[in-house]
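The chain below stands alone and is given in structure tokens; this is the form predicted on its own.
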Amino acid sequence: MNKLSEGLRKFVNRVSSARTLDKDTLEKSIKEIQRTLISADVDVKIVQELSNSLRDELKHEKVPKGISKKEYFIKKTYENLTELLGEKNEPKVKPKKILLCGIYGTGKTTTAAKIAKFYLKKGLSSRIICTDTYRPAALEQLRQLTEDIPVCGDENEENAEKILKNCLKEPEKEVTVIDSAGRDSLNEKLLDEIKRLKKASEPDETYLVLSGDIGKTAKKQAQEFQEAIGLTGIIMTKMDSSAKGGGALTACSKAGIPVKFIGTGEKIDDLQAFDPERFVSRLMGFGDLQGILEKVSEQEIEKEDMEDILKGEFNLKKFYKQLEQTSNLGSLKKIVDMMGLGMKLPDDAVEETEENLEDYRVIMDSMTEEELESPKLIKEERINRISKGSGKPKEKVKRLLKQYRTTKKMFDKFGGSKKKMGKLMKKFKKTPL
């Protein structure tokens, strides 16, 4: 969880736990938002406009029935932040050509693989054309990333346009992603090549790939590419690790160029269609249960099992099953964050669990069915037996039990928190602006 999310969650906690929303609490809370947004590299002028808007709305608008003034303040903050980030993207699942461009180091090649995989999972056949003749490893990197997606290129050809035309002669797929070369900066040579590639391919979409860690500088880069070649959207990478991601998203929105997708990790499946509501909801600690359910659907994980863990109703037997299944969903830390537990579950607990997953599986294989279903039965004598049977030290067995209890306790709390936040989010949607 980065500083942007941490700051917004502190704000929510401050307002939620306040006895009353008096003038002093209101100002302290607004200043918390200001510090958080400025540290995320959001333009100071935008931060001031948002602050003034919140003060004005709370001063002049009547709080609707069925919602407290504190809840209304959180609601208005949520809505204002969502509005700052632009519109929701609902990608149309239909045949298309997509041209990717960008500066070197933004993760463009990895993004090409992610986009192709995104549409493959939607049921469309996909392929990638590599026209990057400047970075020798680009073609091989794409082939390693996409074993189930064909990649066309020619490491012996220096003319990007010629590579493109030759690859377009091959049997067509429903979605073609064209990965162009990047440079250290936007220059005439780069622009000329992209213009020629665009003319030769006639793409349906031209996406600029930007890194979330550049913050508000994103606006300048987006405008330069827009003026030079014309863009249909932006793909923002490194959104899982950059504290400046909010600043970059806001900058693109102000530049008038929609963000279409965001990269949420290093794996090929870590790409989401951009939805400001879900993004802000996750930042503020309300979780992204829709995102989890989408991942569950993609991995064909039993819905009932995931509902159990979301409710906090699980024993070691279910915990064991989840260790196996959630490894396909991504890191445990990411799943915990999507559930809105980022501030509730200690980082060391998450990291320790991930590091010891294999040992935990071996230990649980040495447990009886009764012990897996009723972990409370596992006392010193049973710990000794489990340790010998698994070949793991007693301390490791005790650590597993401690991690299980800690995680269960946090999930139990999340059950009540989810219910409370769910009610609040329903109020958000029912209450008119």
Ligand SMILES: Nc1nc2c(ncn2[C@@H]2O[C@H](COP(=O)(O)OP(=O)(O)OP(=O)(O)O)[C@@H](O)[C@H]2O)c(=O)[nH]1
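Since this is a predicted model, take the numbers as computed values, not measurements. Note that residue numbering follows the sequence shown and begins at 1.
The next section is about a form of this same protein that is not shown, the form predicted together with the ligand.
Colleague: Would you please decide whether residue 285 lies within 4.5 angstroms of the ligand in the predicted bound form, comparing each non-hydrogen atom pair?
Modeller: Because no heavy atom of residue 285 falls inside 4.5 Å of the ligand in the predicted bound form, the answer is no.
Colleague: Taking 4.5 angstroms as the cut-off for heavy atoms, does residue 220 touch the ligand in the predicted bound form?
Modeller: So residue 220 does not count as contacting the ligand.
Colleague: Consider residue 141 of the chain shown here, and say whether it contacts the ligand in the predicted bound form, taking contact as heavy atoms within 4.5 Å.
Modeller: Contact with the ligand, yes.
Colleague: Does the ligand come within 4.5 Å of any heavy atom of residue 151 in the predicted bound form?
Modeller: Output for residue 151 is no: heavy atoms all beyond 4.5 Å of the ligand.
Colleague: Taking 4.5 Å between heavy atoms as the contact cutoff, choose which of 203, 265, 86, 215 touches the ligand in the predicted bound form.
Modeller: Comparing distances to the ligand in the predicted bound form, the residue within 4.5 Å is 265.
Colleague: Where does the ligand sit in the predicted bound form: which of 67-75, 247-255, 105-113, 160-168, heavy atoms within 4.5 Å?
Modeller: Checking each option against the 4.5 Å cut-off leaves 105-113.
Colleague: Can you tell me which residues in 127-162 come within 4.5 angstroms of the ligand in the predicted bound form, by heavy atoms?
Modeller: Going through 127-162 in order - heavy atoms within 4.5 Å of the ligand in the predicted bound form - the hits are 132, 135, 141.
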